[in-house]
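This text opens with one protein chain seen in two forms, each one given by itself as structure tokens under the names structure 1 and structure 2.
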Structure 1
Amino acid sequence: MLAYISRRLAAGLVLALLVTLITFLMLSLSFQDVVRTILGQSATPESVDAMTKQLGYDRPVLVQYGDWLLHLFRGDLGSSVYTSLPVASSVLQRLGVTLSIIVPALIITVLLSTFLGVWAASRGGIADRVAQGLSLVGYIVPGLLLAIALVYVLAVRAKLLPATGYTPLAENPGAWLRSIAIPVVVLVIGGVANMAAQVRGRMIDELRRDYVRTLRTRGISTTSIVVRHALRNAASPALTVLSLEFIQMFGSALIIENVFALPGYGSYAFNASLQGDIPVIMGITIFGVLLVTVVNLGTDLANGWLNPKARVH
């Protein structure tokens, strides 16, 4: 197992190097545009050249990338060219905001998806049609449209929740809960639409297997069969869907955070891209790759725990 973890981490490191190298090479094509954005379009060629040298953009691209890597291995991601704030601490701060939305949304998604999937598969009939109908609605309704509708109903009309803004958990737990309520609901509806269908399909397959019929002939209750046997076997593929759902929610943060004016990872990435803030873009890239690597590794380890046949050594 330790060898497997080491291999996966090594593969994640190689992936991070490739992604950051490609990202840096693409960004290098716009160095002059970034400098003009910083100085303004009325900047003289002399001032542009001076700023280019000051930022080190006049050096060979691979030399710049190597210098960035050396600082990365020392834990230094540099500073924003606009705010002069350290990139690492800024990204971590905003990543905390994003995770404070995604983690509750994932927990609620897992609970609701498991309930709906198991209920639909074990009961069938009306229960199955209701679960499929709810999943279909989640698929059909665009997340952006749903977000706007919820803001209008719950914030503008009913004035129950704030339309925009974010309050840190440590500052005021109640205000924090109210500030993330609508974004979490938007993410949950989309997540349940996908995951409940996966759980339902896998549970139907499990309940048709021979071992389930054998357990029933032994007089074991349906609840025990579903919860202790079928659900455990169905959980492994559902975990894979869960990891993909996490990555999808992470990507959806770009839209959600801009709609609700949340100071999170997605809005930070969006603003850095518009400004051409290269140190921030590189920091966001490396954090994103590492997070995906850790999530995928955790999913594989959890699958091995749930399904001994899937364990690796």
Structure 2
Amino acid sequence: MLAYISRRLAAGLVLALLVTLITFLMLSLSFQDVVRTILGQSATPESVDAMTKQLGYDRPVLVQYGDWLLHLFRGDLGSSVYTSLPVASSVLQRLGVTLSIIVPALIITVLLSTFLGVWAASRGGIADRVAQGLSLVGYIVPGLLLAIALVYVLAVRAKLLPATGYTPLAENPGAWLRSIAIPVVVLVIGGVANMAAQVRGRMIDELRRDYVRTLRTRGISTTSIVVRHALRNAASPALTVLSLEFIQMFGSALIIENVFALPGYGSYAFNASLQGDIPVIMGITIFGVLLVTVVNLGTDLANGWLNPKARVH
């Protein structure tokens, strides 16, 4: 088991190296523009050169990347070119905000999708059409429009929830809940649309398998067949979708945060990218990769627990 986890972590490390290397190489094409952005319109060629040298952009790209890596292994992600704040702590703080909407959204999505998918697949008929219709609505309305519509109805018109802003959980749990409510609902609607359809499809496949018939001939109850047997077997393929769903949700969160002016990963990435703040961009990249690695590892472990064939001894 430990060997398996370390192997997966090693694979994640390779992924992190590759993604950061590619990002760095692509960014290096624009280092000149970045320096000009920092210095502003009035920069003289001399000051551009001086700044380039100061930031170390005059060295070969691979040397710069190696340098960044070395610092990374010492736990040092550098500091922002603009604010001089250390990258690591700022990134973590922003990531916390984004995760605080993604994690609740993901949990609700999983519960709701499982319920809807199982319901549709084991009831058929009208139940199925209702579930299909609901997920279609979530699928065809872009999350961005949904977010704005909900803000307009719930916050601007009905004044039930705050339209914008974020309160940390530690500061005031009630206010935190109110500040993440609409973004979470928007992410859940998009997520359920996708995930419930997956669960439904897997369940339909599973319920048609031979072992289900054999279990029925043994007089085993319908509930046990649906929940204990079919759902358990359907959960394993559905889990692989879950990690993709997380990545998808992360992307949607970056846009939706903006509607609610949440100080999350998206706006942070956007500003860093707009300013060409290379250390911050690299910090955001590496944390993004690590996050994905951890999520993938988690789903793999859960899959091993659910599916004996995938279990690693």
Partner chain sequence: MSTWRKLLRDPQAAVTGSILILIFAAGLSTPLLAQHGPNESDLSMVNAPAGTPGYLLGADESGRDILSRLLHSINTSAVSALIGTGVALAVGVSAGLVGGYFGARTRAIAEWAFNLVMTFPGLLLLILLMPVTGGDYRYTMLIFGVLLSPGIYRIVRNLVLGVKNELYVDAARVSGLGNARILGRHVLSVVRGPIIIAAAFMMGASIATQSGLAFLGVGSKEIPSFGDMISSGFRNLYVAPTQFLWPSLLLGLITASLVLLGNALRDTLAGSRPQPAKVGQGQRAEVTPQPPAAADPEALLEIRDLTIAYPGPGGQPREVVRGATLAIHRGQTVGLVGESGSGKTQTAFAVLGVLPDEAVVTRGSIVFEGRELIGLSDSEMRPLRGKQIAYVPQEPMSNLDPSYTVGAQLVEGVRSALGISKSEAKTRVLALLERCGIADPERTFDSYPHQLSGGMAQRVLIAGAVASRPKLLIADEPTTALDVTVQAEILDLLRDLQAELNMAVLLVTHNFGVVADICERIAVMERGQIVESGDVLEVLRGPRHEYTRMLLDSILDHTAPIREASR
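What we label the rigid core is the largest C-alpha set whose atoms superpose within 1.5 Å from one form to the other. Residue indices: 1-based, along structure 1. A quick note: this is a predicted structure, and the numbers were derived from the prediction, not measured.
Only structure 2 comes from the form predicted in complex with its partner chain. Put the two forms on the same core and the Cα of residue 208 is off by 2 Å or more between the two structures.
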